[in-house]
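In structure tokens, one chain follows: the form predicted alone.
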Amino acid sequence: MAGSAKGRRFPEAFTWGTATAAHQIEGGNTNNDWWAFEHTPGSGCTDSSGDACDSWERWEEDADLVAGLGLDTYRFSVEWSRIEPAEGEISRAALAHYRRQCLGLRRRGVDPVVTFHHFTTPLWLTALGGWETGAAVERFGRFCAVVAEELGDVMTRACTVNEPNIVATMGWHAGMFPPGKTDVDLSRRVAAHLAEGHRAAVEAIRAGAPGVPVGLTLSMTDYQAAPGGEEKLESIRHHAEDVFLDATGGDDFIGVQVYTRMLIGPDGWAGYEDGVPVLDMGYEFYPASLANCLRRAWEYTGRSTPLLVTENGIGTTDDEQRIDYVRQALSGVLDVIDEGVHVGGYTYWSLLDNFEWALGYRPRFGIVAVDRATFARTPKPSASWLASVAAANALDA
């Protein structure tokens, strides 16, 4: 089936999109923990986000790009520190900006998929202890209620927290995200608070935007055991993924976000497999990881919650390699759909070459290049290729 002509077509209702995040493209987000981290000596950040892609001003250009490619979905995030620059102080202008963005996308035939928290937390909240103390849980629920009431009639789908496992692990265990700590117990406490924050967000969004599907987006890795690594693998996967999948009961969808695999030995990461290319981000070129993680999410959650690929892509300066990666990843998506896994859509990360957190502007994930001096947007061949797949709703039709 998977190799037949019919097997290369996607389901009729399958959605096609691309994604960005506010801090990575808007520019000038000076009031959150990431801006402070970028400007902290010794943080390890290679660049300041600065003006990013100037998308706060140029969002209509970005919307035109998405629509021009024939994609029907654009996933983007709202910046909490713009909307609530001080505790309890709501910027009506910022809310109106995001409402205009949703309306602008809809006028172009593009569904706005809104992420409520994509890695950044307002400075006023980090001063209260943020996700370490749980102070963020109630505040995040309150913030989601405000945004949902404003955008409920113009957004198509709501994503609560983007990759909470990455926030907790990179910020409190690996020390590569704010606040730059390396305390595994603290990272697990933060993870628990982020899971609670997701549940508070679901409740708030459903109350403020009834009928809008809501779910979590989770970074998943295709963990594979090296000799003797089975027990360590299960422990890593439990803390990195399962505690968050356990929090998705009753959600309308689970956003699966996958980039690579990781070989796990008795002591943790076992390094790279010989002969497999290593990308700019420091991990393997392994497009089969997407299908493997979709299978696992489906099985682990009892085959009950529809899945969406809310991020998948590759950071590379070789656009032919990008096309090859996505073609193989999409072939895997078709395979799992043939197996009965409910996958409702594919969203490529990212629309634009943008600020890739601690690695700055070096990794190039975009299907559209951005001139760092003029902000001029130039679609790459991969953009045309993805547009052709979406138009045909088929792979290599």
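As the structure is a computational prediction, the values presented were derived from the model and not from experiment. Residue numbers run from 1 along the displayed sequence.
Another form, the form predicted in complex with D-gluconic acid (GCO), is not on view; read the next lines as being about it.
Quiz prompt | Site test, W34, T126 and S187 vs D-gluconic acid (GCO) in the model of the complex, non-hydrogen atom cutoff 4.5 Å | solution = Checked in the model of the complex: no contact with D-gluconic acid (GCO) for any of the three.
Quiz item: Which one, E356, E61, D54, D335, lies within 4.5 Å of D-gluconic acid (GCO) in the model of the complex by heavy atoms?
Solution: The residue from E356, E61, D54, D335 that makes the contact is E356.
Quiz item: Of these, Y286, F119, Y74, F143, which has a heavy atom no more than 4.5 Å from D-gluconic acid (GCO) in the model of the complex?
Solution: Of Y286, F119, Y74, F143, the residue with a heavy atom within 4.5 Å of D-gluconic acid (GCO) in the model of the complex is F119.
Quiz item: So which of 94 to 102, 201 to 209, 156 to 164, 267 to 275 is the stretch with heavy atoms within 4.5 Å of D-gluconic acid (GCO) in the model of the complex?
Solution: Stretch 156 to 164 is the one.
Quiz item: Does at least one non-hydrogen atom of Y346 fall within 4.5 angstroms of D-gluconic acid (GCO) in the model of the complex?
Solution: Output for Y346 is no: heavy atoms all beyond 4.5 Å of D-gluconic acid (GCO).
Quiz item: Wondering, does E84 line up within 4.5 Å of D-gluconic acid (GCO) in the model of the complex on heavy atoms?
Solution: E84: no, not in contact with D-gluconic acid (GCO) in the model of the complex.
Quiz item: According to a 4.5 angstroms non-hydrogen atom cut-off, is Q257 in contact with D-gluconic acid (GCO) in the model of the complex?
Solution: Heavy-atom contact with D-gluconic acid (GCO) at 4.5 Å: present for Q257.
Quiz prompt | Partner contact for E79 in the model of the complex: D-gluconic acid (GCO), 4.5 angstroms, heavy atom | solution = Result no; E79 lies far from D-gluconic acid (GCO) in the model of the complex.
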